[in-house]
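Single chain ahead, by itself, as C-alpha cells, in the form predicted on its own.
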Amino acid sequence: MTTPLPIDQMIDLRRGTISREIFVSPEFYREELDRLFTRAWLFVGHESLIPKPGDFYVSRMGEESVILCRDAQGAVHVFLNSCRHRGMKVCRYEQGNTSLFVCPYHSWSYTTDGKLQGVPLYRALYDGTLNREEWSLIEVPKLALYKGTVWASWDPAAPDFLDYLGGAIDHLDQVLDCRDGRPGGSEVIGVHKWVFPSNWKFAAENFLGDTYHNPSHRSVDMIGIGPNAQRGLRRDNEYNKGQHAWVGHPAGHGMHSVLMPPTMEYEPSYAQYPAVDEYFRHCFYERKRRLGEKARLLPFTGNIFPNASYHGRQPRGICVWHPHSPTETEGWRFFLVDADAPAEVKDVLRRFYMRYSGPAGMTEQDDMENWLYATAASKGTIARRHPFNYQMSMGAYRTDDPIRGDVSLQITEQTPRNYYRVYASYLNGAPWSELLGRPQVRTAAE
C-alpha cells in the first residue's frame, strides 16, 4: 500500500483542489480520530433527553461510545462508556434512568457521577491495593451546556465553547431559540439513527451551504412536501424574499443563512392546520418585537466544525455525522421544537420532519445517494489520482458585511475551502490560536 502524501499536498486551497484520498484513505481516517476528534468540540446531545436525576442517554464522540447523564444532584456529565477494569460497556441501553451503571463483565459498578462504587470480592482480592477514587469512569475534561445542547471536548486545553463558536453563534442561536425569539427553549421530540456507506465529511460539507446540488431534489420539489404542500413546495418560500448569504468562520464553521428585508411580513405556514398557522404567526411578530433588526437573520443550513450540522427552520434540528470508517458513517438527527409549543404543533412538525429528512425522508434519500456514490467512485486506483474541484466563486466573498465572517452573496465553495483549511490544521497538530484563526503571539526571543 502506498503512503498518502502529507495533508498540505492533499489540500491545495490556492488552486482550489482537494485529493480524494482524504475521503477514502485509512491512514487519513486514523489521523482524524487521533488529531481531530480528540480535540474539537463535539455535539453530544440535548438536556431534554435527560430531564431528571439518574437519566442517561448513550451518545458518541468520534468512534467512541459515551454516556450523557444527570447525577443524583442534577449535574450533567459525559463519560466514556467503558469499564476501567476490562473495557466492557457499562451501559448497553440507549436511554433510561438508573442509580448505578453496572458492568456486565465483572460487575464493577459506578454511580451517576462516575465514581467507582461496587467491586465484587473487594476485601478478599483488592483490599490495600485498589484505590477506588483513582478508578472512576473517564470523564471529558471540557463540557459545555448551551441553550439546552450539550457539547464536549477531550482536550483539557480546548478554548471556551463560546470562543470556539465565534460568529457562528449568531446563526446557531436561531436554531436553538424559541420561534418567538426567547433564548433557548427547544426540546428534542425524536432522534433518527442510521448507517450509510459514505465518508462522514460528504455529509458535513453538504450543510456548509451546498445549494448547488438542488437539482438532486427536483423530484421532491415537483411533488411538494412542504408545510404548505398544496402549493407544490418543498419548504416555505419566505427565503425567496431575502438576501442569501454563505458564511465561513475562522474555526471552520460554515452556514447558509438569509437576511430578510426590514419590511418582511408573515408568510402563512401550515395553512391546512389553522392552529399551527396561528402559532407561527404569533411567533413571527413576537420575534420581530423581541429581536428588532436581528430578527431579519433566518438560518437555512450550517455545520459547526467538524461534524454537527443543522437545519434552521423547517425541518429544524441538529444532525451529527459519526465516523465508522473511511467509507461508513452513522447519521443521527435530533429533531427540535419549542418545548412549550401546543401539542398539535408538535405533532404536525414531527410528521413533517419524518417526511422531509432522516433515513426515510424524501430529501435525505437524495443526499445519501449522492454521498455514497461519491465515496464509492473515489476508491478506485485511477480515481484517486484525480482531485475534486473546489474552485467555485474563488475570491467572491467579503469580510465587511453586517454578518460576521467571510460572506459570499452567491453560491460558493468558500465555506468548504475554509472548512478544509481548518481540517488540515488539525491534522498538522496546529495550536489552538491557529485553529481559532488568531495569529500566534511570539516573543522577541522567538
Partner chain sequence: MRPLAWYQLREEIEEFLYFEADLLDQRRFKEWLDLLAEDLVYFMPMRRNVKFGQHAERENTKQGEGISWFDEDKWTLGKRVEQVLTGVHYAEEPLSRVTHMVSNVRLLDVRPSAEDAQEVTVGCRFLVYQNRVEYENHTFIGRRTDELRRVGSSWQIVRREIILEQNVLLAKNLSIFF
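All values derive from a computational prediction rather than experimental measurement. Numbering follows the first chain given and starts at 1.
Below, we turn to the form predicted together with the partner chain, even though it does not appear here.
Checked against the partner chain in the model of the complex, the candidates T211, Q117, Q243, Q365 yield a single residue with a heavy atom inside 4.5 Å, and that residue is Q365. With the partner omitted from this view, the residue of A374, I223, A271, M88 that lies near the partner chain in the model of the complex is I223 [heavy atom within 4.5 Å]. In the model of the complex, the partner chain sits within 4.5 Å of a heavy atom of K193. For the chain shown alone, Y93 is a contact residue for the partner chain in the model of the complex, at least one non-hydrogen atom being within 4.5 angstroms. When the partner chain is considered in the model of the complex, E139 lies well away from it, no heavy atom lying within 4.5 Å. Of the heavy atoms in A360, some are within 4.5 Å of the partner chain in the model of the complex.
Contact with the partner chain in the model of the complex, defined as any heavy atom within 4.5 Å, is confined among 329-337, 124-132, 178-186, 304-312 to 329-337. Within 4.5 Å of the partner chain in the model of the complex, a heavy atom is found for all three of S219, D347 and R355.
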